[in-house]
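Presented below, as structure tokens, is a lone chain in the form predicted on its own.
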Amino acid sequence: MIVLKFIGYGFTAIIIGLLFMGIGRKYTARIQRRYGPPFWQAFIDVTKLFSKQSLSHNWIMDFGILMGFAGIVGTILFMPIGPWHFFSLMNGNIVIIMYFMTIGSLGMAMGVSASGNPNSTIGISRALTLMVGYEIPFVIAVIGLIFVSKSSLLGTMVSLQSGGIMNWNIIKYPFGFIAVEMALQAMLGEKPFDVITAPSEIASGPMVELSGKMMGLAFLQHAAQIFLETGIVVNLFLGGANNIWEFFLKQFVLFILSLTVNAISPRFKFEDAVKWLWTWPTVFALIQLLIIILT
């Protein structure tokens, strides 16, 4: 039963993430007055990648990619998905989730660094530095919610938001939501924070040495990250959900908002991206924390 539940969680996250990616490509194309690929293109891409041969430099590269993918899927198990709770006793400890989220980035860093390609090294160094940039405002905002909820469990935070939209944390703590939403843009790797891949600068960054099944796993990891990161914000600020379809809809709204910003924004320079994250979202998060402490 536990195994089936684990497979169900991972399969759901990946399918929804791939679906969002496909719809997102179509949505972005229409904003830019292009036709764009069909919304199921992401599924086609993954199928093609897993049908091709992978080139590997060493076992560390392979292990790192697997570690990154498994880390993200494992983290999803700690997150409430509407009424679904894999670990019922923990009920979504946000501290554990934030800690385990880094495994995905660190696994990818280990894998692509072992390839020896300088573009991969540049890309992953940007990714790890940007992670420090967006985690600071995100953590500050989460600390405020833990303080008012008197709990680090997402299940408790969701239950405190029951009773209607006016009880949602987005209404009660708007500055915190603004900070997290800004950080989410960087977490998803969308413009103006797409400095990690930056195709016109460093040939797609960390992904440049990946091929075949390894590239497919990286693709699935990104899909799972979309599901995880939008799901966390839904639980923190949008009241969670009474059913999985409501949960998916709220995730989709957050993702489309991110893609809208992506479609109309230029890319920050790397140093400007980190500086911006340490300025505006951090200021909003600190304002919200002070309001919570002083009221």
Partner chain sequence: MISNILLYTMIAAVISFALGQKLKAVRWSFSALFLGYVGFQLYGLYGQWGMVETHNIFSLGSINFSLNFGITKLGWFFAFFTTIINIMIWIFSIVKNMNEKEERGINFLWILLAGSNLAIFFSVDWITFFIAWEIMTWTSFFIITPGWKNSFKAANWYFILSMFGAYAMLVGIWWLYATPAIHTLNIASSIALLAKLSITAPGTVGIIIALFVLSFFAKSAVFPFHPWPAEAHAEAPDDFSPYLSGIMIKYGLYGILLFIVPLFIQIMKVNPNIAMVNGIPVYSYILAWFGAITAVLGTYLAIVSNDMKKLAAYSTVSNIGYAVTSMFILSSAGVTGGLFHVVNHAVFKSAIFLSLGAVKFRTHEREMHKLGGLATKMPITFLTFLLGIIAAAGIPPLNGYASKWIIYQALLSGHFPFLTTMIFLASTGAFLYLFRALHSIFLGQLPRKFNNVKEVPFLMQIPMILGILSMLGIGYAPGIVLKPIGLAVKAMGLTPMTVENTLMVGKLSSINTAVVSSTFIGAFFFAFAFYLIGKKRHHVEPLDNYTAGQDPEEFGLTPELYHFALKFYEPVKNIFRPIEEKLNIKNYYRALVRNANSFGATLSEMFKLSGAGSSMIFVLGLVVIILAGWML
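Numbering follows the first chain given and starts at 1. Computed from a predicted structure; not experimentally measured.
One more form of this protein exists, namely the form predicted together with the partner chain; it is left out here, but the text below deals with it.
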Residues F20, W168 and V233 are flagged as a possible site; in the predicted bound form, is every one of them within 4.5 Å of the partner chain by some non-hydrogen atom? no
My question is simply whether W59 lines the interface with the partner chain in the predicted bound form - judged by any non-hydrogen atom within 4.5 Å. yes
Close approach of E135 to the partner chain in the predicted bound form, 4.5 Å, heavy atom: yes
Using 4.5 Å between non-hydrogen atoms, is F63 touching the partner chain in the predicted bound form? yes
Quick check on A70: any heavy atom within 4.5 Å of the partner chain in the predicted bound form? yes
Residues in 101-118 with any heavy atom within 4.5 Å of the partner chain in the predicted bound form: T102, I103, S105, L106, A109, M110, S113, A114, S115, G116, N117, P118
